[in-house]
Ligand code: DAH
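The form predicted on its own is given below as one chain in structure tokens.
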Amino acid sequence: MDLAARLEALALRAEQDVRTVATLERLEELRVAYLGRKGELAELLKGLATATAEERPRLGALANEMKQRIEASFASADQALRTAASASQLAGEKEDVTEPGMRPPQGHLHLVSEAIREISAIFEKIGFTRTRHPEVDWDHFAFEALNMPKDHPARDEWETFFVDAPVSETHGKMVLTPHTSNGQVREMLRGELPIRMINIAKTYRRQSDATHVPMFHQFEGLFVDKQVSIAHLRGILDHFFQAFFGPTRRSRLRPFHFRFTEPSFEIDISCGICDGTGLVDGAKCRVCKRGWLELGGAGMVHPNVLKAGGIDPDVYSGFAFGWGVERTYMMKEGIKVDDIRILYKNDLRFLQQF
């Protein structure tokens, strides 16, 4: 049998074999057997090398024709098998259009965002207004207007980040705010009295350990009116502690010294990790060490700060308080977070617990 006859016979046999195929897997096996690189058609085409120069064009054209014929039969069978498989699947499945769909994954607010909302809501109920002040501010508002001159050693405690920017002749260098107290004088300069302000913003210090991070959130409370006293301060703080931490937690004021308040206090709350005992499983609590955790500072606004804000200290008085949002939330009942840094590790195993 010459090469032309063998090519036609191969095409006919391939078409017959394809008609008997019942699965796509078997069809692929036949395709490789007939049309693969080492298949039957490739073996036949090796015979072109021995054909004469006159026969070679005719045989080459015939070979292409037979190849296209075989490929067409495979393509037709493939389409038929896929259509049959789809029809069979649809026949065996019934779609219940009344069945509820699958809800996509839904996230929730970060713990810090939840804390900010809760803190804001507590103070708004007693007449405080949420305000916003710069998180990158002039040295004047962060320090000097708060009764801390340039050479005062108290400024060394803040470990401030200074911004590489032009220095202002009136306001000094630009800084990443080390505390939200920069909003005190800015709020006073608005000239609207009385003042009941809550400023919640990012603050920055060069610190990192179990209770400190270089960037954290702080909230600043400022109350300025006539005849404001420490009793008002204590009442506001007790209201917050009762609302935020619950009735079982204890708080205390310790005398302290801040340049921008006089008298001044440190605010402590009993530790929520060790329940105020200072011990966890017989070892010293790594968060508080002694049963109390310092939340922040408070005190009566210093007369010099009132003057910097354009307020007469002989007519008005006020108090201020402020501490970190993250540290406050660490001490909330049931949270049990013993390292503040985990809040910003983006570990879903931790975040999805809340």
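Remember, it's a predicted structure, so these values are computed and weren't measured experimentally. In case it trips you up, residue 1 is the first one in the sequence shown, and so on.
As for the form predicted in complex with the ligand, it is not shown, yet the points below apply to it.
Option touching the ligand, based on a heavy atom within 4.5 Å in the model of the complex, out of N147, T160, T131, Q218: Contact with the ligand in the model of the complex is made by Q218 alone.
Proximity to the ligand in the model of the complex, single hit among H140, R186, R205, R196 (heavy atom within 4.5 Å): Residue within 4.5 Å of the partner: R205.
Triple contact flag F241, F245 and S270 to the ligand in the model of the complex, non-hydrogen atom at 4.5 angstroms: Result no, not one residue of the spot touches the ligand.
In the model of the complex, segment of 282 to 290, 63 to 71, 314 to 322, 24 to 32 with a heavy atom within 4.5 Å of the ligand: Checking each option against the 4.5 Å cut-off leaves 314 to 322.
Heavy atom of T177 within 4.5 Å of the ligand in the model of the complex: Flag for T177 set to no.
Distance check, A298 to the ligand in the model of the complex, heavy atom within 4.5 Å: Because a heavy atom of A298 falls inside 4.5 Å of the ligand in the model of the complex, the answer is yes.
The ligand contact at F223 in the model of the complex, heavy atom, 4.5 Å: Looking in the model of the complex, residue contacts with the ligand do not include F223, since no heavy atom lies within 4.5 Å.
4.5 Å heavy atom contact, F123 to the ligand in the model of the complex: The answer is no: F123 has no heavy atom within 4.5 Å of the ligand.
Partner contacts in the model of the complex for 230 to 258 (non-hydrogen atom within 4.5 angstroms of the ligand): If the 4.5 Å heavy-atom criterion is applied to the ligand in the model of the complex, 230 to 258 yields only F258.
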